[in-house]
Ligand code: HEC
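Next up: just one chain, as structure tokens, the form predicted alone.
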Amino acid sequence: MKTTTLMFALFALHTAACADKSQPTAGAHAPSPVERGKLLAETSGCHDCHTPLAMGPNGPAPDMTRALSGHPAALAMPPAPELPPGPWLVTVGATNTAWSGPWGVSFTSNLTPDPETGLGTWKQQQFIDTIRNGRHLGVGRPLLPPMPAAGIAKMSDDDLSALFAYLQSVPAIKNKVPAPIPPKAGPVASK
């Protein structure tokens, strides 16, 4: 009988330790939209591309003084290297904010609330439409790689609203990101 009681107690402790902690329990603090948005930004990899990398003592690391500000405006990129036909498809700048491939060259956007160079004048619905439609401001040019818009589009409206609330709460950083560069025209096929 003591073994059964001990086994039940261990099972209960294990179950409690492994329980899903993402949802608040009764009486627990429910995260604010900004707190929820911060968690979503951190777990969805927003900083991976929108926060420039800088060389640190242990190699490249996110430069949090420029958090979510996109490709540094002061970093003029040379033409992307030409890749021969084959299995290599993409090149990436050292800051992890400039990407080239068959779509041309894309620069990660400034997601801070700067009104001139970031999302400062955006409305929540424009942000949701951008993600849902995969187009800038919901109707403009397509979002380009490496933006994982198709995956993020699966978030609920509440989650996208929380993500937007978080992005509006971070320090505004003035940083005008270059416009994408379209792919070079290939050789024209003759008949």
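Computed from a predicted model, the values in this text were never measured in an experiment. Don't overthink the numbering: it's just position in the shown sequence, from 1.
Heads up, the form predicted together with the named molecule isn't pictured, but that's what we're talking about next.
When the named molecule is considered in the predicted complex, only one residue from A67, L53, V34, M147 comes within 4.5 Å through any heavy atom, namely M147. When the named molecule is considered in the predicted complex, T95 lies well away from it, no heavy atom lying within 4.5 Å.
In the predicted complex, none of the heavy atoms of N133 sits within 4.5 Å of a heavy atom of the named molecule. In the predicted complex, T112 stays away from the named molecule, with no heavy atom inside 4.5 Å. The shortest heavy atom separation between L163 and the named molecule in the predicted complex is within 4.5 Å. The putative spot formed by S44, C49 and S106 is fully lined by the named molecule in the predicted complex; each residue has a non-hydrogen atom within 4.5 angstroms of it.
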